[in-house]
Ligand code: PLP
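Have a look below at one chain only, the form predicted on its own, in structure tokens format.
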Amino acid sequence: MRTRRLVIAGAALAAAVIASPARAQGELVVYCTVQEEWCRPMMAAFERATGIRVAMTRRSSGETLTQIRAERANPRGDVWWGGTGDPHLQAAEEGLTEEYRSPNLALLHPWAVRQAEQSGFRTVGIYAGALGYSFNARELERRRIAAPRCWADLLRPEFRGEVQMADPNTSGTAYTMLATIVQLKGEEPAFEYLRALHRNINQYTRSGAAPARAVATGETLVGITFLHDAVTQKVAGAPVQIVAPCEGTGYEIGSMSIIKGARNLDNAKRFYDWALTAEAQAIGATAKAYQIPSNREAPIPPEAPRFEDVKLIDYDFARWGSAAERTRLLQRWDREVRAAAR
């Protein structure tokens, strides 16, 4: 009888451990919004450095923001790592992320610190990268199509059905493109351009990096992405050429945030501090990620597109990362661009 009671008690204890929050098991839940190939070694390195077990989910930036909103009353994630800064700023504005001032802020480039300051220290910059597009040089030569060099060139009739970009509702990359064109041209001319571009779009993908892969395989002639995503394909041997548009272009400050109500808050802060070190940021280059790290001592991959070689606009992160402007722009894009006939 005593043995039976011990068995029942042991089973109850095991069930309680399984059902208990991850906090009790020394774990961390990370929502990762860079490429899977970078997410995995990053989490593995943190596990090795700390002994903390990481449960990681990879989604696009827009999808992750939607998930964090949906889980607001019962947060399941602890850290949101990577992805464009605009949705991180919006999450901060909506009170979805925690204020945290890492002691490692002093190690960062000014643009990364400004990101933290603009958000009330609810997010921080971890890398940066310029927007642009790539094209399949082999296919263009075969079809005898002149290489595009500017945003305007993507409206040419020979690119009908040959341009791919992500959906700005799910992709931070595509939202950066939308906000870039508005800032570059003014809102009304920008939407005229986007409606014209829509006629040449063959697919709006969920992921911002997907168009670069489609260009590499010849699935599409042109893919609008961050330049570093196209560099990944070029380094792998794909016949792609990379374009920083002649009119000027925007850029991202990839960011990191601690989710409000994180069950594993202490572990989240440990990850946050670790992810800002030069050693952690060097992992990007080994994973063939060619962004510019935010830590001043982190090595910059030689293949990474340098800001000094790109004509950048003065991207207003505070305005276009706000909930009101982001929501308004996306609704207008859905109504006037996505829903338009081709």
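Keep in mind that this is a model prediction, so the values were computed, not measured. Start at 1 and count along the sequence shown; that's the residue number.
Beyond the structure shown, there is the form predicted in complex with the named molecule, which is absent from this document and is the topic of what follows.
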Does any heavy atom of T249 come within 4.5 Å of a heavy atom of the named molecule in the predicted complex?
-> no
At the 4.5 Å heavy atom threshold, is F226 in contact with the named molecule in the predicted complex?
-> yes
Would S207 show up as a contact with the named molecule in the predicted complex if we use heavy atoms at 4.5 Å?
-> yes
Hey, in the predicted complex, is G125 touching the named molecule, heavy atoms inside 4.5 Å?
-> no
Mind telling me which stretch in 265-273, 82-90, 192-200, 135-143 gets its heavy atoms within 4.5 Å of the named molecule in the predicted complex?
-> 82-90
Could you check which residue among A298, V30, A304, V34 gets a heavy atom within 4.5 Å of the named molecule in the predicted complex?
-> V34
The named molecule: the contacting residue among T170, Q164, T180, S119 in the predicted complex [heavy atom, 4.5 Å] = T170
Looking at the named molecule in the predicted complex, which residues in 56-71 have at least one heavy atom within 4.5 Å of it?
-> R58, S60, S61
